[in-house]
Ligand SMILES: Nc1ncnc2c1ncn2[C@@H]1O[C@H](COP(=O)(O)OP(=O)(O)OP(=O)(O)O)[C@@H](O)[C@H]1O
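Just one chain is shown here, as C-alpha cells, and it is the form predicted alone.
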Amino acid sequence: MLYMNPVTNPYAPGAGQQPPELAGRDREIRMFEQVVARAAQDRPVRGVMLVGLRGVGKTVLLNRFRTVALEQGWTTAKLEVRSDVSLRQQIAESMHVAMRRFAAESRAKGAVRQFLAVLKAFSLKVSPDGTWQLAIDVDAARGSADSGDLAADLTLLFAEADALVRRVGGGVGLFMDELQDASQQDLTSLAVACHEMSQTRGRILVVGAGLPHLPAVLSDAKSYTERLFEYVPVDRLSRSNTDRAVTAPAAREGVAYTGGALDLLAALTDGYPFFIQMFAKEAWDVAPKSPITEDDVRTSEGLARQELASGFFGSRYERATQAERSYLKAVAALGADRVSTAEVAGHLKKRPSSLSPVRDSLLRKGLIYSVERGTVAFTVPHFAEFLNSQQP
C-alpha cells in the first residue's frame, strides 16, 4: 500500500505550464516537425496558427513547437501580444533577445552584427524621439527597415534574418501568443511580410496562438491569410487521452486510479486539459493512499471548483463592469454554445444597438468572441455554468 505525498503531486494546473503528460497532441507535434524539416530544405510551407478556447493548452503546444524548432538548431523568439504595445516594439524586443543568444554561439560575428544593425534601425521607428530603444551596441543600418511602414520594414527585417540563417544553418521561428489582441493594422503588416517570405521560401516561420476567432481576425486584415497559414484547432481531449493525462504521471510515481475515479474525473473535466490538471491535483492531495478512488475524487471536487471559481473563472468575472456582467449572465442564461446578439438584447429587454459598447468591451477583454456576425460565445469553457451559479 502506497501512502500519498503531496510533495510528489505531479499535476500542473498553471497558465501555460507544461503538463507532466502532453496527451492527445501527438498528431500536431508530428505535423510541426514536418513543417520545420520542410522549411529547412527550402520546401514550401505555411505558418501555423493554433486556435481554441482558453484552458485547452494552446500556449503549452506553442511552447512545445518552439522546443521542436530549437532541437532542429533554429533560432526562436517568443512574445505574448499586448494590445497596448505596438507589434513593432514587441517583435524588436523578442528578436533582440533571440539574436543576442544566437550571437553568443555563432561564429558568423559579422553577419550577426549586420542583422543587429538592421534590427536597431527597425526599432528606431518605435520611438523616434528616443524615449525607447534597444540596447544594441552597433550603429543602426540607416535606410534599411526604418521607413516607418511596418509591412515594408518587417519584410526587410525578415529578409535579413533569412540571409543570416542561410549562412549559418537552421531558421528563425517567431512564436506569438494571444495573437488576436494585435491591432488590425499590425496584423495586416505581419501578413504582408509572411506572404513575401512564403513566395521566396524564406526560413522565417511565424507560429501563432489565439482564440477561436483568430482566423476571422486575420482574414479581416488580409483575405489571403486563409491560404497563408495552416489553422490547427486545439480542443478537448478524448476519453482515452483524458485517462492518459491522469494516469501516466501518477504511474511514474507508483500511484494508480480506480475505474470509478477515472469515470468521474472524465465527467467533471469534460476533457479540458486545464480542468484535468486541476481536478487530478486536488484528488491526489485528498487521497490517503493508492489507488485513488471515486470517493477521493468526490471529496476533492469542491476544492477544485473553489480554485476554479476564485481563479480561472472569478478573475475574469471581476474584470467585468456591472453592465458587462449583466450581458455575460444573459449569454449564460440563454444556454447555447453560441447565441445571437439579438437574443441577448431580447433577454435584457434592450435595443441591440444600445448593447454594442458593452459587447465590444467584452470582446476587447477577451471574455467573449464572435466568429459569425451577430453571434457571441464565451472564450472560457464552462463559464456559463459558473455564471449561472452566481447569486442574482
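Only a predicted model underlies this, so the values are computations on that prediction, with no experimental measurement involved. Quick note: we count residues from 1 along the sequence shown, nothing fancier.
The form predicted in complex with this ligand exists for this protein as well; it is not shown, and the discussion that follows is about that form.
Quiz prompt | Selected contact from A332, V60, V358, V45, since only one has a non-hydrogen atom within 4.5 angstroms of this ligand in the model of the complex | solution = None of the others qualify; the residue that does is V60.
Quiz item: At the 4.5 Å heavy atom threshold, is V126 in contact with this ligand in the model of the complex?
Solution: It does not: once this ligand is placed as it appears in the model of the complex, V126 has no heavy atom within 4.5 Å of it.
Practice problem: Check whether A12 has any heavy atom within 4.5 Å of a heavy atom of this ligand in the model of the complex, and answer yes or no. | Solution: Contact check for A12: yes, within 4.5 Å of this ligand in the model of the complex.
Quiz item: Do G173 and this ligand come within 4.5 Å of each other in the model of the complex, heavy atoms counted?
Solution: No, no contact at 4.5 Å.
Practice problem: With heavy atoms only and a cut-off of 4.5 Å, decide whether R305 touches this ligand in the model of the complex. | Solution: Answer no; every heavy atom of R305 is more than 4.5 Å from this ligand in the model of the complex.
Practice problem: Could you tell me which stretch in 70-78, 220-228, 266-274, 83-91 has residues with non-hydrogen atoms within 4.5 Å of this ligand in the model of the complex? | Solution: One stretch meets the cut-off, namely 266-274.
Exercise. Would you check whether this ligand, in the model of the complex, lies within 4.5 angstroms of a non-hydrogen atom from each of R66, I204 and V232?
Key: Not a single listed residue reaches this ligand in the model of the complex, so no.
Exercise. Note that this ligand is not shown here; using its position in the model of the complex, name the residues of 24-49 with a heavy atom within 4.5 Å of it, in sequence order.
Key: Contacts from 24-49: just R25.
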